[in-house]
Ligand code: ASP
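Before any questions on how it binds or moves, here is one chain, the form predicted on its own, in structure tokens.
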Amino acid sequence: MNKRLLIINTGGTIGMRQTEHGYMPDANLLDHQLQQITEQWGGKMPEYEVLNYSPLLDSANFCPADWLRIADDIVQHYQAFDAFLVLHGTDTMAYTASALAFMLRGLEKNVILTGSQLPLSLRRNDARENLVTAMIIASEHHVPEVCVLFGNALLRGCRTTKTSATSFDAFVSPNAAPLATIGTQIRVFEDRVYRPSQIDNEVSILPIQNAAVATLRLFPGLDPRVLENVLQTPLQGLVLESYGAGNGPSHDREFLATLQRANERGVVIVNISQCRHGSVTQNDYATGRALADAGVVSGNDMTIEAALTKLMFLFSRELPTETIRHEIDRNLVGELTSR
């Protein structure tokens, strides 16, 4: 039986047309291109419907309300379709993928985000290959996670980060192996698919709402007064991008005291490494232990995108601060490697 696929077109480069004013969204472009693909391949392509957002969005303008809209569209159409493909701009795709992974509970169907570096309207582009491959995987393979399909790999959404503004392989999953590799063949690694310990009876949404969170990247000579200003009310949570395995300036007493005061006020501070690969282990070095002693909690090997959206997700649950600190280092949806 041919599976039914819902394509949710939120916007992004993939559906833009080149004009004298630069790339602009074209609501009819995707429908036209899909019709051509379907006519070319006939019954070899899945049955699909397209849900075009109006207006189409540049992903730089996305906010939590847009994440909720996508999640709600998936749930509302869940029984009518076998898989879901979300077309999305690349700039914040990793944030949306991470957010949807936390929000969608009981997911037993494929949800794949994809986009492109060059639009379908250009003679040479990566859009068509990403679109066709995503449609094939969504309809022919069972990967019941929120994923990102880009270039030569299918990646877990909450492990994904964008690393290039120009390469056709723009996204990587630094600390988790791909769920599928794409070459002359599509090879899906079913043993890598995340299986939650508790399966919900039906799909549902745990919304993410706006929360006062931020990031701060450490660098030599950071003035503690800058940190103090960042940590002021109404900030609820901070992702602190530290050195190496989670290290910071342990000899800077004012820096550590500033972290300690914020921790005592209830600000949740999450330690994420500036390094692309590896994990935060705050007990390995004295410089990491100093951050832990100041109340900073380990973010393990999460991406920045996953750490930020996870903070927002936990604050949206209105949990006690200590519970949020405990949940940060606990694997919820495959976003980190359990110790």
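So that there is no doubt, residue numbering starts at 1 and follows the sequence shown. Since we're looking at a predicted model, the values are computed, not measured.
One more form of this protein should be noted, the form predicted in complex with aspartic acid (ASP), which is absent from this view; the next part is about it.
Site annotation in the model of the complex: the residue of S116, S242, T96, T160 reaching within 4.5 Å of aspartic acid (ASP) with a heavy atom is S116. Here is the short version: of D73, E254, E129, D91, the single residue with a heavy atom within 4.5 Å of aspartic acid (ASP) in the model of the complex is D91. You can rule out all but one of 56 to 64, 310 to 318, 30 to 38, 294 to 302: in the model of the complex, only 56 to 64 has residues with a heavy atom within 4.5 Å of aspartic acid (ASP). Contacts of stretch 5 to 41 with aspartic acid (ASP) in the model of the complex, defined by any heavy atom lying within 4.5 Å, are made by G12, T13, listed in sequence order.
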